[in-house]
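One chain follows as structure tokens, the form predicted on its own.
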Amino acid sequence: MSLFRIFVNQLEEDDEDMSQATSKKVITREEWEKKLNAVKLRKEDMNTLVMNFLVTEGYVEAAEKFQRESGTKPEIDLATITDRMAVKKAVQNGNVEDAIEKVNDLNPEILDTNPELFFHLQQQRLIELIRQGRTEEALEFAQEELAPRGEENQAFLEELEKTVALLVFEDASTCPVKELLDISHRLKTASEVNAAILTSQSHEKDPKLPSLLKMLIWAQNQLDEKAVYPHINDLSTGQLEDPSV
């Protein structure tokens, strides 16, 4: 039984109780801890969850150390993490052309089979040219590399028009699409590339741990409507806090 299943079972029990009463059911710390202690979690499963997070997020040194200490085998070759992180870092630093070359070295099919990703990388190259004030080069690049793709895809055309709008304003801070110049846009593109590489390696593009934590929060919110019980308010500690009755 999983921790998530405890919440689901409790919700089912409370549905039955609520049909007979209008007030919320009160679950004491002792009762709740008894339910939690009944959960049997294998150490191997927990280790696999940790390794999945380290691999997906690119913590290669931590993954290597964790493999040595726990004996948990990663789902992919750890050497590929270094290559993937090099691509991600290149995009984050604005070196998009270098990132494209590294992606093609890893697997040429990634960009060949993902036109949206390739467009976004080319769009980021255009943004970097604009950021550097290389206006003529930016216009030429937009016309030769991006405009043809915009003619084939309406969504690409709209994104291209927004990007080129950056050239119209001398002061980028007054541009309606100034967020394209934010570092956050680089990070967004880098995350998209990272996900594509993971997918090409038959690995989940997102780590499992955050999804499980979101499920925990959802389950608590659902149970809040039916019962008063000890909460896990701080996910970093996992400590139970007594309910206020």
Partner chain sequence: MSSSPSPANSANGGDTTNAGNGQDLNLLHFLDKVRLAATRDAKEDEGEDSPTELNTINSAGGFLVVSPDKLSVKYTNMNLHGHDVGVVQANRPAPVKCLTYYFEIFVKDSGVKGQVAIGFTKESFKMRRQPGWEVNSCGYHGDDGFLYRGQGKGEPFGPKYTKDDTVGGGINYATQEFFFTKNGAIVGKIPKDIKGHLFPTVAVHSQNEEVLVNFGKKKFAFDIKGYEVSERNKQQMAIEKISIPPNIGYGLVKTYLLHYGYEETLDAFNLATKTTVPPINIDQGNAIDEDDSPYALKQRKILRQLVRNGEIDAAMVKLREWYPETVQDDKSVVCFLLHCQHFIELLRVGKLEEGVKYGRLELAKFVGLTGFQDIIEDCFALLVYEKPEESPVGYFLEDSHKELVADAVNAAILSTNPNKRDAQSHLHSHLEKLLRQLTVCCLERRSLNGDQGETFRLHRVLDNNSTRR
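Positions refer to the first chain, counted from 1. Remember, it's a predicted structure, so these values are computed and weren't measured experimentally.
The same protein also exists as the form predicted in complex with its partner chain; that form is not shown, yet it is the one meant from here on.
A.B. asks: Within a 4.5 Å heavy atom cut-off, is T189 in contact with its partner chain in the predicted complex?
C.D. replies: Taking the distances in the predicted complex, the answer for T189 is no, it never comes within 4.5 Å of its partner chain.
A.B. asks: Does the 4.5 Å heavy atom contact test between V177 and its partner chain in the predicted complex come out positive?
C.D. replies: V177: no contact with its partner chain in the predicted complex.
A.B. asks: May I ask you to state whether N194 is within 4.5 Å of its partner chain in the predicted complex, using heavy atom distances?
C.D. replies: No.
A.B. asks: Is there a heavy atom of T48 no more than 4.5 Å from a heavy atom of its partner chain in the predicted complex?
C.D. replies: Yes - in the predicted complex, heavy atoms of T48 and its partner chain come within 4.5 Å of each other.
A.B. asks: Who in 184-215 is close to its partner chain in the predicted complex, meaning a heavy atom within 4.5 Å?
C.D. replies: In sequence order, T199, S200, S202, H203, E204, K208, L209, P210, S211, L212, L213, K214, M215 come within 4.5 Å of the partner.
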